[in-house]
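Only one chain is shown below, in structure tokens, and it's the form predicted alone.
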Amino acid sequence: MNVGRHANKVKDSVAAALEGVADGATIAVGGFGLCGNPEALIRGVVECGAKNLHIVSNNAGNMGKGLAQWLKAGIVGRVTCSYVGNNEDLQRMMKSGEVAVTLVPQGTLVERLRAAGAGIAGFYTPTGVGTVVAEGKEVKEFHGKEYLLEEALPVDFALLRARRADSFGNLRFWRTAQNYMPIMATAAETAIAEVEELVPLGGIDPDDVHLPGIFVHRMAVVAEHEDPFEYKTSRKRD
């Protein structure tokens, strides 16, 4: 395979990597809380001017950081997430009706994204049976147990953050900061990664590749990050 033709995956700026993000886009954003957030890409979306976005994420930021920047900028119309938690911005906008929020059980959210990447239209799960999660959904019995039909969740863009990448887009994440990102990439029409370190092709051992470059369309090198703590705790010595 001629890998040279893929060199344009590495863009010279965050703005160039985000080209095509427009009003009404559905965007999956990696991160768990503030861990592993693609901070530069999140800021870049605010700067590109797109509005009425549909966020798909575990949560929509916290403490005014992460995806809470999109909420504060007023560019979000809808959020599909599994956790609201201490995100005061989202709680306020959800109550006021400014932003439509769909809460999805965490495992179901991941499986909906995975199904989209695998070309599966939907799947049955026991999670949510007998709760508000089941409202308006088909319920079917298998072997004496009830299951809900959940639909796949394809997205227009996935925003990722990787610790290391090569020029083809093979990615390696930093420990648990990997979280949802490989699954989101497979569900996306266009996956965009900000990478802390770019290495030559072959610079990542094949066994260390967390996400193959075939799923990554664009990259921007971003070496510096804030990496904020949500709640810093420590143990006192006796």
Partner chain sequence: MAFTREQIAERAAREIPSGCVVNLGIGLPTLVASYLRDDQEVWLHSENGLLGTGPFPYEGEEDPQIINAGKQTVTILPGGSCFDSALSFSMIRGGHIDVAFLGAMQVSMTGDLANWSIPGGKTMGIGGAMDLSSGCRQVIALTTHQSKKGEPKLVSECTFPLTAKGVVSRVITDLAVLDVAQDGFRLVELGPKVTQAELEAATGAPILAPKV
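Numbering follows the first chain given and starts at 1. Remember, it's a predicted structure, so these values are computed and weren't measured experimentally.
Beyond the structure shown, there is the form predicted in complex with the partner chain, which is absent from this document and is the topic of what follows.
Exactly one listed residue, out of 170, 179, 57, 190, brings a non-hydrogen atom to within 4.5 Å of the partner chain in the predicted bound form: 179. Listed residues 73, 149, 110, 152 were compared with the partner chain in the predicted bound form; 110 is the one with a heavy atom within 4.5 Å. Judged against the partner chain in the predicted bound form with a 4.5 angstroms heavy atom cut-off, the residues 11, 69 and 118 are out of contact without exception. Only one segment in the set 198-206, 44-52, 22-30, 180-188 has residues whose heavy atoms sit within 4.5 Å of the partner chain in the predicted bound form; it is 180-188. Residue 145 belongs to the set of residues with a heavy atom inside 4.5 Å of the partner chain in the predicted bound form. In the predicted bound form, the partner chain stays beyond 4.5 Å of every heavy atom belonging to residue 100.
For residue 114, a non-hydrogen atom is located within 4.5 Å of the partner chain in the predicted bound form, even though that partner is not displayed. The partner chain in the predicted bound form comes within 4.5 Å of no heavy atom belonging to residue 139. Residues 161, 174, 175 of 157-175 are found to place at least one heavy atom within 4.5 Å of the partner chain in the predicted bound form.
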